[in-house]
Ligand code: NAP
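Coming up is one lone chain in structure tokens, specifically the form predicted on its own.
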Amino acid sequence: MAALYRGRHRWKRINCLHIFSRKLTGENDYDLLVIGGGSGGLACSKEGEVLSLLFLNFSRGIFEEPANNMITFLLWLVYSITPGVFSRPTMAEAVQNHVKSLNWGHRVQLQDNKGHSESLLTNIVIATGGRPKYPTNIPGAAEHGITSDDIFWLKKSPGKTLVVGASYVALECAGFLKGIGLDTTVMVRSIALRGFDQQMAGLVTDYMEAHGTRFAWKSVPNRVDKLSSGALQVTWTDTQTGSEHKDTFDSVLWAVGRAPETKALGLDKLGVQLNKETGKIVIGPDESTSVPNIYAFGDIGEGRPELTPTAIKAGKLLARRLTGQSTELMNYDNVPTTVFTPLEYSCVGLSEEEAEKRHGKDGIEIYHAFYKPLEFTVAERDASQCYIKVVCEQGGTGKILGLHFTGPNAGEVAQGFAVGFQ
């Protein structure tokens, strides 16, 4: 997605850049080029009343959108309550139609204006996000595997599935697949939900295991081979014992991280600084890059949280600053986050591990409790992993450093508490 802005608000021209685009016709120069058709790029474009001139592709990654995360969880819930009535084709068609309707709405809003093949631009904003990546050192991984982007676009059920990885995307996918009745195994190299509070991560995986999701802990895949029957044979090593194991699956889903969409942009020719290890763009507090008048935000920015609502707000604030309507910077501290696993986990602020690093073990105090939600009581559901933990600074005012919650509707619960952290 590339969009150009030419509206009521004019920017001061500084070191204008010549950018060449294709399939563009028109007569005028523009103040802003937005590259990226995801939530962040569209938010930035719409905030500046951007006129789209080149629509490339809108992300189909189902786990990139909170709304779609909720769709998957609700489907899991419906199947859990009324087993035997689930229809995968009906579900897939409904989700595809929903995503397509979003894409169509964006196209209609941004398609009516045209530009020209060579435009004089004042500012460029890069918001291309990232894509799920495949491991490059495992034979058969890319040839025979899928990612979270593919789940709702497969022509048939994924069947017995191995999910490789233990990120929130991996656990969300696994929870959903198990919820619709599929045999699901999660292969974990080290720990689950790295970067999150590890006690809470343990409760999430305990709940999933108790409800039928298998976990292959401390295991790393070696290769994936397609058998004559069409099944996929996965060979892996248990790193604790050194023993090798094999099993067959219908699908192997890789959730081992995301790669930023930077390689095709030619940023090196412009001198834009990238993190050599991650490939992400190094940006400042105001989303500026190492090159004047080129900005970046969202998943593509080094050190930025890979969260859709964060990218949307950052995009809006950047558009306002570039039009001179505001000087407000995006606040990346204490961003509330929810993991949409079968038992939701939400948090805001520091994990217990991070608080201990910053304040010392004797510098923090933990308040915690298990509880039983009303909906679990009536249905007599297991609530042994429903838990709330508050991490506080020891002494003084007892400032709250972090709040963690597992249970139904955890995301909604955390939103209210997150306001107090600001």
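It should be emphasised that the depicted structure is a prediction, and the values quoted were computed from it without experimental measurement. Residues carry their position along the shown sequence, with the first being 1.
Just so you know, the form predicted in complex with the named molecule exists too; it's not on screen, but the next bit is about it.
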> Which of these residues, 316, 189, 144, 211, gets a heavy atom within 4.5 Å of the named molecule in the predicted bound form?
Replying inline: 189
> Of these, 201, 151, 307, 272, which has a heavy atom no more than 4.5 Å from the named molecule in the predicted bound form?
Replying inline: 307
> Thinking of the named molecule in the predicted bound form, which stretch from 175-183, 338-346, 319-327, 236-244 has heavy atoms inside 4.5 Å of it?
Replying inline: 338-346
> Counting only non-hydrogen atoms and a 4.5 angstroms cut-off, does residue 260 reach the named molecule in the predicted bound form?
Replying inline: no
>> Would you classify residue 168 as touching the named molecule in the predicted bound form, given a 4.5 Å non-hydrogen atom cut-off?
In response: yes
> Quick one: does residue 164 come within 4.5 Å of the named molecule in the predicted bound form, counting heavy atoms only?
Replying inline: yes
> Though only this chain appears here, would residue 255 touch the named molecule in the predicted bound form if you measure heavy atom gaps against 4.5 Å?
Replying inline: yes
>> Using a 4.5 Å heavy atom cutoff, which residues in 237-254 contact the named molecule in the predicted bound form? It's fine if the answer is none.
In response: none
